[in-house]
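Encoded as structure tokens, the following chain is the form predicted alone, with no partner shown.
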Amino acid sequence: MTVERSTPRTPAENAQLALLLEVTGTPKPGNVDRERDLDELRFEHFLAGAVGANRGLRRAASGAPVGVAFERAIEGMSHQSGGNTQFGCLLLLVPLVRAAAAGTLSPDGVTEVVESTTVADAADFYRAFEHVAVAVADPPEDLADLDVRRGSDAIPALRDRETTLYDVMAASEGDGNAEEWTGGFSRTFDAAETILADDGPVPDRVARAFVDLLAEGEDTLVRTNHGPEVAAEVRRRADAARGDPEKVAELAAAFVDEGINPGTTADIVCAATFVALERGVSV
């Protein structure tokens, strides 16, 4: 089914704008925004990352394979001194851009995109890990040869196992971005509706949607870096603060002080912002 676009911008332009709007939304507890930097990761790094990712996003919109477009986007994103700014955002954005460019931006449409990925796409995904350092959990013992941190060294194992990029995501149990891939991008599309239904400046809507997402599900990056108990407590604290701007601002300062960075939630709200832009949210 063809989905009508409601925007004057191209899908690649909306994806780049989503990257920019995500980082300008404030407060987003624990994350870089226009009012807060982290020790080694600053607002300007995200702006530069969004600019650098453009070439890969345009490749996705032109119909290039998902893996090729993603690796190019990550390579371009890495051209700033902060390191990994938007790896997870781009992992979600690239298939969404492919679907939007084909006129099928819907849960079914993007599912068709990701389920059609190949072993070659998986190989390019692994190559992308050589551009930036990404925090990931240890794989199960039987998948040690497919540890993404091995980068290109894991490609022979991918080929031997005939593992597609979708297969990689399906095996990434408990990873929030992988669950979007295998679950029809359900949280992405739900959060997009929240942004569309809200009012006021879009960065403010993005920030509110971020807190809602954080309150509704544990953040994978927090769990990876701090453990399940902290991830559960972060979710509880976000739920207690949402809807109260003063409490959210206090939480934002507290999470930065505590070194808590809910990056996976930022990835999903960025993807949701893209969907909202494609569906006509006014900027």
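Note that residue numbering begins at 1 and tracks the sequence as displayed. Keep in mind the model is a prediction, meaning the values are calculated, not measured.
Only in words, not in the display: the form predicted in complex with another copy of the chain, which the text now covers.
Residue in contact with another copy of the chain in the model of the complex (any heavy atom within 4.5 Å), chosen from Lys247, Arg42, His226, Arg237: Arg42. Of the listed positions (Gln80, Thr194, Ser116, Thr163), a single one reaches within 4.5 angstroms of another copy of the chain by any non-hydrogen atom in the model of the complex, namely Gln80. Comparing 142-150, 129-137, 72-80, 164-172 against another copy of the chain in the model of the complex, the single stretch with non-hydrogen atoms within 4.5 angstroms of it is 72-80.
In the model of the complex, another copy of the chain sits within 4.5 Å of a heavy atom belonging to Gln16. Although the partner is absent here, Leu47 is a contact residue: one of its heavy atoms lies within 4.5 angstroms of another copy of the chain in the model of the complex. By the criterion of a heavy atom within 4.5 Å, Val51 is counted among the residues contacting another copy of the chain in the model of the complex. Another copy of the chain is not shown here, but in the model of the complex it comes within 4.5 Å of a heavy atom of Arg36. The putative spot formed by Thr24, Arg58 and Pro203 is fully lined by another copy of the chain in the model of the complex; each residue has a non-hydrogen atom within 4.5 angstroms of it.
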